[in-house]
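The chain below stands alone and is given as structure tokens, in the form predicted alone.
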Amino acid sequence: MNDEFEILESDVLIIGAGGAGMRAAISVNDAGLKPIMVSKSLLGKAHTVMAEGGIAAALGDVDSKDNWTVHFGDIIEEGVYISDWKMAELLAKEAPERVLELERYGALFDRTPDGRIMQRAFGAHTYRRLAHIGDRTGLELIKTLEDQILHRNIQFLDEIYIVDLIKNNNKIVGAYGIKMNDGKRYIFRTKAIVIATGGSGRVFKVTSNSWESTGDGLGIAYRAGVKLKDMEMVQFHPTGMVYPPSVKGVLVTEGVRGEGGILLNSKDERFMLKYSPEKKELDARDVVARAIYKEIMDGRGTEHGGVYLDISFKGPDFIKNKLPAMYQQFLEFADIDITKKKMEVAPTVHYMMGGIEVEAESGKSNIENIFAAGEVTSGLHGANRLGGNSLADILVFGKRAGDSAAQYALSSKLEKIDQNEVESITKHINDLFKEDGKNPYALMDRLMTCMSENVGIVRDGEHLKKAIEIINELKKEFPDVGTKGGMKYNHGLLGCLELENMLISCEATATSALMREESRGAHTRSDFPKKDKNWRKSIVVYRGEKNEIVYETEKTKEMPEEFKAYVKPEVYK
């Protein structure tokens, strides 16, 4: 094995180098232990940068009445009462300190005239709550944490694809990785693992997600016996670019609406006055996304199949100051000056509320030494995520997962790597090299089309059953996929490995969506249009003894009486 692999040892292996992974690595390092962080992409190139509008934190710098209890209530209500109340409490209480910590690390937040952190309005937040850096908040967060990683000299390997976790006597003892640019194989021996790989938004055709978001962390976790939850809950962001085709789905930050942008149909009608007369463009994301979808379906869409988002009336100086990235994005990609013209937008797949089921305080999964943080997890957001909570999530729970993994590692030892396990994974990879293998990207395209056409923003039983049928067909075809050439720079090999994980994610999403016979948050069933109090529970997914996917329901945990005062009474009816 030593002749074929490089073996690296760590106290904690962190898979993923977005905000959650970086914050976890900092915690492990600061506990005096050795983390190793690996990334499918490059350091500083993470989907975190797509969270442009801000970090939700009840600082009260702009609206003094804001506090953690109000933020908590907003999370529970936006999650339509299936969020983990403990996770909501921890996020609401700890987000302000994580923002201030980020500032101490060097992040440069926009300021009020008297020097406090500026906070902007966002959909479904009671108060102006999002601390921001123009419309580049995610980028500033990543660059700030990257600086901390480099100054702490934390070991980092980029362009590493983790194929699978390695077991020994049913305990996870390491991970098997491939360095994609040179084909070198690695064995990572470790005491604990933090999975922070993000979601699986790339299983849909039109998405704001970057190329990395293919559900790899969900796949390796599932195969290791980790439970997944709420996989049917997929957030469609109301506003993605629709034209030109090359940028279809690219995010148009909610910050545009937070700064006063309005939505208009092809008849120049401000249609949110009809769907949400009080909150209008700043209602919950699922409400706004469905309103846009209906306008388009009813024939009031634009030439390219969207609606208009207009902020030009605010003037060039305001727009270039508050939304510099959006101004540049439309100018470069669509040749549109948004200080003079309207933007064309439509819903785009943006975020997975479902993922690895974790313990609120520790980020621990049902496997004792596997922890997780960020979009790859479930629980906090329930049926729908509040805008701005994703960046708060990765900071709060990235730290907690890192702290907990470090505590676990302190009382653990490195275990022996099982040679048979390594040979089994190696054989699986080698079997993907074949002269007449099916193109994995052709199957991937069929899968993405299937998800977009049948498991989209509005669902019904007939289409969900069709999706499951197609997914099962693709699963049967998967053994025939393959690639030519060698390990080095082999995108065909990457496609085969990604497709295997995507199929797991898609099957769990489509089947869970079929099971949930109601409409709740981001999950809308046209054949079950109402919310059902009997579905105030989650669907849990895990691998059965015969390698089949098992589905179970789990009742939402009841919050303490004192917390019930922080949410609307509707939940208890």
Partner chain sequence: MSENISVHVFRFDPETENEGKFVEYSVPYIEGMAVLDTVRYVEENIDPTLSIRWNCKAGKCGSCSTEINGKPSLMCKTKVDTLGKDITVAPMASFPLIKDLVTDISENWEIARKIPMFSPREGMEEPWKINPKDVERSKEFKRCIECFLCMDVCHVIREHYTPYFGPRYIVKAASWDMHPLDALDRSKFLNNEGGLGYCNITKCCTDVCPEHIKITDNAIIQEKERNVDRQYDPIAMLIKGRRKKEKVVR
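What you are looking at is a predicted structure, and each value in this text was computed from that prediction instead of being measured. Numbering follows the first chain given and starts at 1.
What comes next is about the form predicted in complex with the partner chain, which does not appear here.
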Which of 31-39, 46-54, 519-527, 539-547 lines the interface with the partner chain in the predicted complex (heavy atom within 4.5 Å): 46-54
4.5 angstroms heavy atom contact with the partner chain in the predicted complex for Glu500: no
Heavy atom of Leu414 within 4.5 Å of the partner chain in the predicted complex: no
is_contact(Thr126, the partner chain) in the predicted complex, heavy atom dist at most 4.5 Å: no
Residue contact check: Trp211 to the partner chain in the predicted complex, 4.5 Å heavy atom: yes
The partner chain in the predicted complex reached by all of Asp110, Asn181 and Asn439, non-hydrogen atom within 4.5 Å: yes
Position in contact with the partner chain when the complex is considered in the predicted complex, options Gly299, Pro244, Gly315, Pro479, heavy atoms within 4.5 Å: Pro244
Sole residue of Glu361, Asp418, Asp158, Glu453 within 4.5 Å of the partner chain in the predicted complex, by heavy atom: Asp158
In the predicted complex: members of 328-356 within 4.5 Å of the partner chain, any heavy atom: Gln328, Gln329, Glu332, Phe333, Ala334, Asp335
